[in-house]
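Okay, here we've got a single chain as structure tokens, the form predicted alone, with questions on binding and movement later.
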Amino acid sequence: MGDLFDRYAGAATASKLHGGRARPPVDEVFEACGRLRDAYHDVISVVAGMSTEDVAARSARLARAFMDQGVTFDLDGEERPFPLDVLPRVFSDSEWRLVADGIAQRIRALEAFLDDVYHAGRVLRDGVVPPAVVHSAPGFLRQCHGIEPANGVRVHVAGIDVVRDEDGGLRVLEDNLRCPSGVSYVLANRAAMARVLPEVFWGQDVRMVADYPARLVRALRAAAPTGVADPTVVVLTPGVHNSAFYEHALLARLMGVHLVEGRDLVCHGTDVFLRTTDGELPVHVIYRRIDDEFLDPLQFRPDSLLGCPGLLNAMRAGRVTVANAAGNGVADDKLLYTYVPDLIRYYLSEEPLLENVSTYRLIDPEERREALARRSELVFKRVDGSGGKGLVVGPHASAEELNGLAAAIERAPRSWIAQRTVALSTAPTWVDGGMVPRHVDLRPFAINDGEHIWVLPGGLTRVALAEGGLVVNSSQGGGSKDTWVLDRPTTRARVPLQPLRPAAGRSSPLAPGPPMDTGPPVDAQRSQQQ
């Protein structure tokens, strides 16, 4: 198979990677016996036929293309290209159906829960979720009680984080129902891979991702207030200094809608308008990319300059739709996450298709006592945390950090949960001139138009680039992979893999190509067919 992949197969089960635990992580590409998984056979065959210089040069071109196009993130005050690995992650059609169906099921249950807690509260009276859990959630907004979205949708866009555990099963790690970010990387990754590594797509039936913006704008238009025939949609951004501004600008451009800041909007009574050089334009749908507390200074933070005064009253009057809805944070609270399997049974009368990761509810004295006694083995998260911030990985923390954590939890147990440390699956990743195993997770994105929940085929695979690292977030130095969903089962006959080593006449790195054009993103499969 080639020296690098031979070495990789052994390194994937090295004790350093999984902390010496008896059960090593599952590898996405190789089975435990070292056999290549069927879905990866063709792409590994192509990459293995390249020289190491070729692979290194392609990797450098990906980084340069991202920097040229502004696909960057801020790490310790420095703008860096978002690392994109040369080897994609691949899902078979059958496995992806489980992911998509499980995510759609979860969103249906969470939609029902949000409608319930901001109206009748039946789920609380029936004891499925304790009222104290909901009412103490940082994301529960009493100001939103009774607001009815035009088409009943509160979760227009969801990002559900999924991991593969040591048994090879897929589990939901957390839900993101407020302003989930990262889909711009999915689009940019596919465009960059199609340009820099087109040969890996040859003969592959990879499902397209480039229609995401069209599907999103259709869903947003479907959420417009009743009776509006031609709704005006805008993307509300905090501004250029926000770490996800690239995504806000890209989506607005690809959807063909205005990108606005709070100062561009004004409320007259219960109507919202966009200030333009030609006068004020009525606004019907706001795809907001700012947090709840900044949306309306009259209802939330009075010092906010990011939102629009009067916006919540316009929402309540049914004159404007904000997507995702204000108040969704109660449904992606990490303590509420532990009740989602019960919500699926309660609202849908179904068993969960995707299970949760085993989680301790630290508000329960007995569970808190057990979790703190095992704090060196568990992962602790703040219930309203995001981006890997406030995360304490017990096996990687010092005794001093763990003791400080225990004190913080005793002071405010509602603010934390604890989860068992999942040995996230690994995948071959190009680091420092070689293929090495690195932990990965997955954030699929789903769009709800009120009639159908569509899950983008592939989503964002994030990679923890540090050896043994479990934190995959870009803000913590993580990278990503292009994520493929094959359109049909792999039936192609096996052919011998060529070694991934310098070949005669191919020792020189490739010359840099022109900058990548990310708009609109090119779908790799379609570009190869044309």
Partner chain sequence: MSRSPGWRLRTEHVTAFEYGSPARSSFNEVRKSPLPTSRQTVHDARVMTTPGAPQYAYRDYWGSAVVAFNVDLPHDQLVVHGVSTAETHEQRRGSEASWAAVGAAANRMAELVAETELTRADDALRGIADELHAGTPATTAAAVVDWVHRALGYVPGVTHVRTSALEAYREGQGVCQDFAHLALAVLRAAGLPARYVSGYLHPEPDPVIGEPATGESHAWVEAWTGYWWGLDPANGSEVGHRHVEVARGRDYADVPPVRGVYAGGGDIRSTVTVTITRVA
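Note that the structure is predicted; figures quoted are calculated from it, not measured. Positions refer to the first chain, counted from 1.
Beyond what is shown, the protein has a form predicted together with its partner chain; the following relates to that form.
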| property | result |
| --- | --- |
| Close approach of Ala132 to its partner chain in the predicted complex, 4.5 Å, heavy atom | yes |
| Its partner chain contact in the predicted complex: Val128, any heavy atom under 4.5 Å | no |
| Non-hydrogen atom contact Arg374 with its partner chain in the predicted complex at 4.5 angstroms | no |
| Close approach of Gly269 to its partner chain in the predicted complex, 4.5 Å, heavy atom | yes |
| Location of its partner chain contact in the predicted complex, chosen stretch of 391-399, 153-161, 138-146, 201-209 [non-hydrogen atom, 4.5 Å] | 138-146 |
| Contact at Pro297, Asn313 and Ala317 by its partner chain in the predicted complex, all three, heavy atom at most 4.5 Å | yes |
| Residue (of Pro413, Pro309, Gly182, Pro225) lying close to its partner chain in the predicted complex, criterion heavy atoms within 4.5 Å | Pro309 |
